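This document starts with one chain, in the form predicted on its own, laid out as structure tokens.
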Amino acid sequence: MFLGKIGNLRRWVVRMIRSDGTHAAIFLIPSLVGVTIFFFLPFGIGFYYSLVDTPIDGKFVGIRNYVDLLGNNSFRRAIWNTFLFTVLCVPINMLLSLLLASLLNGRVFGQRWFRIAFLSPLVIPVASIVLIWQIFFDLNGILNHWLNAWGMASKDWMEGGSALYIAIMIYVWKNVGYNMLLFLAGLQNIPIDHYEAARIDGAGRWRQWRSITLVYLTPTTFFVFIMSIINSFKVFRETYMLAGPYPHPSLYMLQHFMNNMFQQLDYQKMTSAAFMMATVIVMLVMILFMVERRFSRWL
């Protein structure tokens, strides 16, 4: 009887070793270790710093750092600017990407070169991009030279309300090619038979777009929407290199605030702001996925 139990145990172990789940777990272990060490562990340490008064031998203060942060004028300005930047740049970027993808989905002369041209901002180093924009928008730059030639006065474009719109333009210029490629892939995966059947039934272009294109593009649209929002929070490099750590108030983003807190060794405000931003992004993405599922069922 004992030997029978040993035999059953051995067969169970062999079955587990040969199962697909075990093989998948073995391959996932390196990734899980990497994510734990380089993501979850620093995130947990950052959350701990946001709950103490000093990083070394700190005393637990609960949510006091978060309350102080919400009362900080610079933080509130950074939140508003980041929100305004996201609300403005994401719809512009998506609409322009969809329009370009629709145009390139047809028979266009030089289609391949247009795709390469729109994707080129993704592979050009950020420093080179910023240098070009600095030369264009500087007080003694190209744009002011053109204005002077037309008899108009020079303007410091980065020291006024126009700074935010310049940042939006750079964001759109850099990301429109990537989103266009995603929309183009979504459009090319729509079966042509559906359009032919709709035309035979007498459906016009608008009805075809609403009942076929929009339905098939829904998953792609939500994915592009989520990626655009996430990318809008990562525009810090361009704005930092363009206007420095303390830009015009209209361009002061959350990333500027956290970077300046890091340079001032104020880890409590920095980690509190980072944790709040991460929480908002995660909640926003979860809500968008729920909306996407409901919207797909409705269509």
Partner chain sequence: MELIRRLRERKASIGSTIYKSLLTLLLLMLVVVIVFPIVITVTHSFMSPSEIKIELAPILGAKSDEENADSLVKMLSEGEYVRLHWVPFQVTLNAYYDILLRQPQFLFLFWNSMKMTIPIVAGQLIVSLLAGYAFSQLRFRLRESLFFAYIVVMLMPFQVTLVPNYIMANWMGLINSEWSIILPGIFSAFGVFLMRQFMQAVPYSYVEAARMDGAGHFTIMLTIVLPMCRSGMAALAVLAFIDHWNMVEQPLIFLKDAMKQPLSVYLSYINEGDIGIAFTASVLYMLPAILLMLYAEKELVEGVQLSGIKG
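Note that the rigid core is defined as the largest set of C-alphas that superpose within 1.5 Å between two forms. The structure presented is a predicted model; accordingly, all values stated were derived computationally and were not measured. Positions refer to the first chain, counted from 1.
In what follows, reference is made to the form predicted in complex with the partner chain, a form of this protein that is not presented.
Problem set entry | Region of this chain that lies against the partner chain in the predicted bound form, out of 69-77, 113-121, 206-214, 157-165 [heavy atom, 4.5 Å] | Stretch with heavy atoms near the partner: 113-121.
Exercise. I200, V87, L139, I192: which sits within 4.5 Å of the partner chain in the predicted bound form by any heavy atom?
Worked result: Checked against the cut-off, the match is L139.
Exercise. Using 4.5 Å between non-hydrogen atoms, is G46 touching the partner chain in the predicted bound form?
Worked result: Yes, G46 lies within 4.5 Å of the partner chain in the predicted bound form.
Exercise. Taking heavy atoms and a 4.5 Å cut-off, does I63 contact the partner chain in the predicted bound form?
Worked result: Judged by the heavy-atom cut-off of 4.5 Å, I63 is well away from the partner chain in the predicted bound form.
For this session: Determine whether any heavy atom of T54 comes within 4.5 Å of a heavy atom of the partner chain in the predicted bound form, and answer yes or no.
Result: No - in the predicted bound form, heavy atoms of T54 and the partner chain never come within 4.5 Å of each other.
Exercise. Given that the partner is absent here, does H248 sit within 4.5 Å of the partner chain in the predicted bound form, heavy atoms only?
Worked result: No, no contact at 4.5 Å.
Problem set entry | Residues of stretch 165-192 in contact with the partner chain in the predicted bound form (4.5 Å, non-hydrogen atom) | Contacting residues: W173, V176, Y178, L181, L182, A185, Q188, N189.
Exercise. Can a Cα shift of no less than 2 Å be assigned to I287 between this form and the one not shown, given superposition on the rigid core?
Worked result: No, shifts by less than 2 Å.
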